[in-house]
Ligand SMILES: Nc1ncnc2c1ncn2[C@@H]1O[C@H](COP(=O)(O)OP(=O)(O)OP(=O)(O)O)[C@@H](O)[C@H]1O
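In the form predicted on its own, a lone chain appears below as structure tokens.
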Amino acid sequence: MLEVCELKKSFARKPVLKGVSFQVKAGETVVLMGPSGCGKSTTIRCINLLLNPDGGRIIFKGQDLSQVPQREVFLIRQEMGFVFQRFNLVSRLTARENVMLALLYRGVEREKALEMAEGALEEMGLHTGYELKPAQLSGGEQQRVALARALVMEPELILLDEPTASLDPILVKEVLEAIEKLSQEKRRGVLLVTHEVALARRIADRIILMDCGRIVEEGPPARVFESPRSWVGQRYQEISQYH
């Protein structure tokens, strides 16, 4: 479904990605981990065309995204749900309206969009509060609205960029449960950037560890966390002993 080949990206002539290559298969959950600044978020933002790579290729469903005209980027993003660290909800809209927005833009009839939005919110554990605006919701509820907004478009691939990073630790659990449920469905590929070792252990089919703009280790969670081959893996092994 997704193939990243020798991806490169620099900022102010400083290399951030130095030839990153990996795949995500249909129905597979891949977790991207590594120390802050290693290039995880840059990788996922390049995949979603929020950043333009300096080199390499991103192949999604057989299409080289570097060849996609700018006018078609929105269509590609409809097939790739993206969940940001900081929710990115529209403050003047209710939870339901935030989820409906892209559906209406696509041309879905309002009554159908309403039904689909409520279904997506319920799937993420939000059974009430449809009429509340983001400021009236907790951080965990806002992030679940953001998850519902991504899911309602029925994407074949969903990208999550440290979705718990902006949350109070008390609110993290409900979002982790929603992400775990999402990964269990196996209806779509999932690429998750996170520091949550316990979550990665439970949901990942494969862990990719990055350091200094490169992939330094890759494999199933049991192998990466129990018999690490890289110093990054060894650090995560130490952390996982406390979970």
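In case it trips you up, residue 1 is the first one in the sequence shown, and so on. Computed from a prediction, not measured in an experiment: that's the story for all the values here.
Although it is not shown, the form predicted together with the ligand is what the next lines describe.
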query	finding
In the predicted complex, the one of N52, Q67, S36, Q70 near the ligand [non-hydrogen atom within 4.5 angstroms]	S36
Answer range among 201 to 209, 178 to 186, 56 to 64, 38 to 46 for contact with the ligand, defined in the predicted complex as heavy atoms within 4.5 Å	38 to 46
Contact label in the predicted complex: W231 to the ligand, heavy atom within 4.5 Å	no
4.5 Å heavy atom contact, E162 to the ligand in the predicted complex	yes
Interface membership of R214, the ligand in the predicted complex, 4.5 Å heavy atom rule	no
Joint contact, F11, V16 and H195 to the ligand in the predicted complex, by non-hydrogen atom at 4.5 Å	yes
